[in-house]
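Only one chain is shown below, in structure tokens, and it's the form predicted on its own.
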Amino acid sequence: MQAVIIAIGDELIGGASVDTNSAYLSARLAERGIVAVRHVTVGDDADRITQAITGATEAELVIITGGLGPTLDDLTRRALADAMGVELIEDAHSANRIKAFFDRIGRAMKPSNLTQAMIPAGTEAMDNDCGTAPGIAARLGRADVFALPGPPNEMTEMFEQQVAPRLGVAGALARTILHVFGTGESDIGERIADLMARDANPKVGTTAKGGIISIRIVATGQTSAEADAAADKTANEIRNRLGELIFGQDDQTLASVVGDALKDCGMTLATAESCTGGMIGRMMTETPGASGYFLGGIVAYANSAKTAMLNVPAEVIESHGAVSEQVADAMARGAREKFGADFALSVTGIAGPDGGTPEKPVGLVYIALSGPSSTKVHRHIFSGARDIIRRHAALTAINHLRLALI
């Protein structure tokens, strides 16, 4: 079964509010084997809402959120009536509930509140136990249409109590996300192109965010076992093709995977950061229990701090510059010794936008990993704005440790 979700409101179009309702509904529908094929956001314009509803009935299910309140910009009920070609009528049960609500809280009810009791002829009002605006259940063409209030707490309650029981289960869906670091989205796309056919089951797609490539695998089946088996088969094929580029799946992060690996082998980590300003330490400590393997870090931004806190010889900085293989090496060794850690990561670079030269351009970063047997320095040149360079450098440093642990 396919669904279209329509979110109504100028505040969504204008960016004043974020539409969390559509994401919630998509996830809850997926659990029932119902696939949301389109999200539509429409401002407070009756004609446009009517067009959106009419255009959505190509699917078997349409869920609308928002626009059911008592004010002049609440136009969903009127738009739904126009799409159905019927008039609005007052639902007596809803009107009585609205009046009883105001009596219960001891407030005088304004006449405009009874607007919420108006529903298209031939539809069903759905009780709202968290507010005054009832929902609406309708049939338009081959589609079941449900109009729900916009406030997330009201929408959630009405969906769970009124809509979900009517949907049943259309099948089963299994979802797996594999996370990749160390190559670009286009490279990943080429390696798994044959698995990304639009009519395939499972469906496979990629998303790039903050240097991480996520590969989505969504499988459908008649049963959960069938869907799980299809998703697992495709995930294993992708793992075989990408190998060590894949660092985790689902809710795992690069830092949490490295933390688990350190914990499993009983080893510890310290950091020495310059251009990343403590980002590696922050990432490593976002996982609960990080104190079991992360001993601490030093942000040595100034050259004098590198010398005073990490024992980097001043003559090394003078001879080679703060951004150099030699300084990165000395920083990592100094941090490992300072904290008594098994491993130490160091980062020194030019994040920009200024400070670059032809020999040492903006984006040049040296990352050193000092371990029980050796210290190795990696040279990278990252592109992008300052914050992108810093984040990519921090993630790359953590990934070097991941690969070393493997």
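Just count from 1 along the sequence shown to find any residue number. Basically, rigid core = biggest C-alpha set you can superpose within 1.5 Å across the two forms. The model shown is predicted, which means the values in this text are computed figures rather than measured ones.
Same protein, other form: the form predicted in complex with a further copy of the same chain, not shown, and the subject of what follows.
Student: In the predicted complex, does every one of 160, 165 and 215 come within 4.5 Å of a further copy of the same chain, counting any heavy atom?
Tutor: Verified in the predicted complex; spot residues all out of contact, no.
Student: Please check if residue 294 has a heavy atom lying within 4.5 Å of any heavy atom of a further copy of the same chain in the predicted complex.
Tutor: Because a heavy atom of residue 294 falls inside 4.5 Å of a further copy of the same chain in the predicted complex, the answer is yes.
Student: Quick one: does residue 368 come within 4.5 Å of a further copy of the same chain in the predicted complex, counting heavy atoms only?
Tutor: Residue-level check for residue 368: no, no contact with a further copy of the same chain.
Student: If we define contact as a non-hydrogen atom of the residue within 4.5 angstroms of the partner, is residue 246 a contact of a further copy of the same chain in the predicted complex?
Tutor: It does not: once a further copy of the same chain is placed as it appears in the predicted complex, residue 246 has no heavy atom within 4.5 Å of it.
Student: In the predicted complex, does residue 50 have a heavy atom within 4.5 Å of a further copy of the same chain?
Tutor: No - in the predicted complex, heavy atoms of residue 50 and a further copy of the same chain never come within 4.5 Å of each other.
Student: Heavy atoms within 4.5 Å of a further copy of the same chain in the predicted complex: which stretch in 220 to 228, 139 to 147, 179 to 187, 76 to 84 meets that?
Tutor: Comparing against a further copy of the same chain in the predicted complex, the contact stretch is 179 to 187.
Student: Could you spot which one of 260, 325, 124, 286 gets a heavy atom to within 4.5 Å of a further copy of the same chain in the predicted complex?
Tutor: So the residue touching a further copy of the same chain in the predicted complex, by this definition, is 286.
Student: Considering a further copy of the same chain in the predicted complex, which of 238, 317, 172, 290 comes within 4.5 Å of it through any heavy atom?
Tutor: After the contact test, the surviving option is 290.
Student: Does anything in 289 to 311 come within 4.5 Å of a further copy of the same chain in the predicted complex by heavy atoms, and if so which residues, in order?
Tutor: Contacting residues: 290, 291, 294, 295, 296, 297, 298, 299, 300, 301, 302, 305, 309.
Student: Align both forms on the core first, then report whether residue 357 has a C-alpha shift of 2 Å or more between this form and the one not shown.
Tutor: No, the C-alpha position differs by under 2 Å between this form and the one not shown.
Student: Relative to the superposed rigid core, does residue 342 relocate between this form and the one not shown - that is, does its Cα move 2 Å or more?
Tutor: Shift at residue 342: below 2 Å after core fit.
Student: So, does residue 375 move by 2 Å or more at the CA between this form and the one not shown, with the core held fixed?
Tutor: Shift of 2 Å or more: no.
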